[in-house]
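We begin with a single chain expressed as structure tokens, specifically the form predicted on its own.
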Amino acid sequence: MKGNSRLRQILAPGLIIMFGLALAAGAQTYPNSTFQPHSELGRYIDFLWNRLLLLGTIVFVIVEGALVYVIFRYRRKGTETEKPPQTHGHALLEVTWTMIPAFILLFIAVPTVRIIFKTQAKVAAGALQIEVIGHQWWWEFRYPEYKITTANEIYLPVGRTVNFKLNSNDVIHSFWAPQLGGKRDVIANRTNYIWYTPDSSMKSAVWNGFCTEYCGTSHAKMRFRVFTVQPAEFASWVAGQQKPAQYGATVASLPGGQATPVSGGEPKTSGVGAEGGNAPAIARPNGTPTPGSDTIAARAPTTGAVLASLPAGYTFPRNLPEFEYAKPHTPVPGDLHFTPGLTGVAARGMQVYSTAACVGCHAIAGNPSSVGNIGPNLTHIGSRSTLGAGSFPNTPAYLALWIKNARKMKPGIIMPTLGLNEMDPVQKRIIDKASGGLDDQQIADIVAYLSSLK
């Protein structure tokens, strides 16, 4: 009976585990899987993994089979007490069991070294150059060819090789977009490189990126998005990013007003909006360009043939199914509140922003007061999909809470608490007017200004 009881104790958790594995095996989408590579680098790594798994499985089966055979073949029988004959030294046997592992390691080493040489080779001429700078805890991306600086989002044209130059501004980080290629460490005082070519057969898509080297308090919130787009879409995005920031485009107020966030949940709909002047029409967040934008033509990366023409300012459509799994779902602190029903004015928000502490850390091309280089470049922040390095959706509701008390939403960051009468978690004091505190109306105006920078 005791044996049956022990068997039941083992079977119960075993069945639960097997049921969970069966459910996981039935999943149809793997948004962050490395087993569905979409670049040559990803396929190199995938090939090496499959080859080593096959060889390892063969070795495992042979060794374990031999072990089981020996256990049963030479087990003690009856009352035998005679010791087996002792063997002292056997040159052929010793050479054999030395050569077998060496032979196995040869089959492992050859494909491994080949892949290392392929992935460490210099990138081909004509590759798109992107400088990646890791910060605690956000990503800075620079396109020196186009004189573009952005943060936490990368746009890549399919079919063109991209070379990432990796540096850190502080501690060690690690750069990884699982479905596109392998990861590389991002180190201060040392430059690493990684390159790959997004498959030209892909339709436009979005991929999650991560920091995979523990780098401090908000390491888990140091994410980014990679948008692989068609050459015409990339050229349109570049043309829009090259323009200086222009505020004034109307940002519609969301229905229902700003409600206090549900404890541990996401903000409800926001009334923070903007009223602006007659600025030129620009691309909306859903990626559909509006009339009035400059039209540019994209060319094929190899032939130079004109592919298509798109208005400047393309952004990846947020309403496509491909974007669904890239949406962040970080909860908002339950004690962070914002006055409901406020509507911001972009022109007024630019004035408040330009005289607040914001300009000491952030740069906005076209705003001569904003030339900081400590925090992310905000030139076209209104066109980005997330806030806080992929932690929150870039909507007026979240942006208002972020400006009010970013340190509550993302612990440990440099950005100070700006909300009037808010407790700064780092300084351990209440923010007042004398220390530059902003009331909710001023924050709403800044939100309107920043949201209009598309």
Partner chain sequence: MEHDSTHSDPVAVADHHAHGDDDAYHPGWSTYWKVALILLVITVVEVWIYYIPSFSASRAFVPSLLAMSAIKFGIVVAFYMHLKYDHKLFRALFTGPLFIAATTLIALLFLFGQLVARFGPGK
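What you see is a predicted model, and the numbers here were worked out from it, not measured in a lab. Residue numbers count along the first chain shown, from 1. Take the two forms, superpose them, and find the largest set of C-alpha atoms that agree within 1.5 Å; that set is the rigid core.
One more form of this protein should be noted, the form predicted in complex with its partner chain, which is absent from this view; the next part is about it.
Engineer: Does residue 146 reach its partner chain in the predicted bound form, with heavy atoms at most 4.5 Å apart?
Structural biologist: No, residue 146 sits far enough from its partner chain in the predicted bound form that none of its heavy atoms falls within 4.5 Å.
Engineer: Can you check whether residue 120 is within 4.5 Å of its partner chain in the predicted bound form, heavy atom basis?
Structural biologist: It does: once its partner chain is placed as it appears in the predicted bound form, residue 120 has a heavy atom within 4.5 Å of it.
Engineer: Quick one: is residue 190 in contact with its partner chain in the predicted bound form, heavy atoms, 4.5 Å cut-off?
Structural biologist: So residue 190 counts as contacting its partner chain.
Engineer: Within 4.5 Å, heavy atoms only: does residue 163 come near its partner chain in the predicted bound form?
Structural biologist: Heavy-atom contact with its partner chain at 4.5 Å: present for residue 163.
Engineer: So which of 190-198, 235-243, 150-158, 354-362 is the stretch with heavy atoms within 4.5 Å of its partner chain in the predicted bound form?
Structural biologist: The contacting stretch is 190-198.
Engineer: Within 4.5 Å, heavy atoms only, which of 373, 369, 129, 167 is in contact with its partner chain in the predicted bound form?
Structural biologist: Spelling it out, the residue with a heavy atom inside the cut-off is 129.
Engineer: From first to last in sequence, which residues of 332-368 have any non-hydrogen atom within 4.5 angstroms of its partner chain in the predicted bound form?
Structural biologist: Contacting residues: none.
Engineer: How about residue 144 - superposed on the rigid core, does its CA move between this form and the one not shown by 2 Å or more?
Structural biologist: Residue 144 C-alpha, core-superposed: shift of less than 2 Å.
Engineer: Checking residue 90 here: with the core superposed, does its CA move 2 Å or more between this form and the one not shown?
Structural biologist: Residue 90: C-alpha displaced by 2 Å or more between this form and the one not shown.
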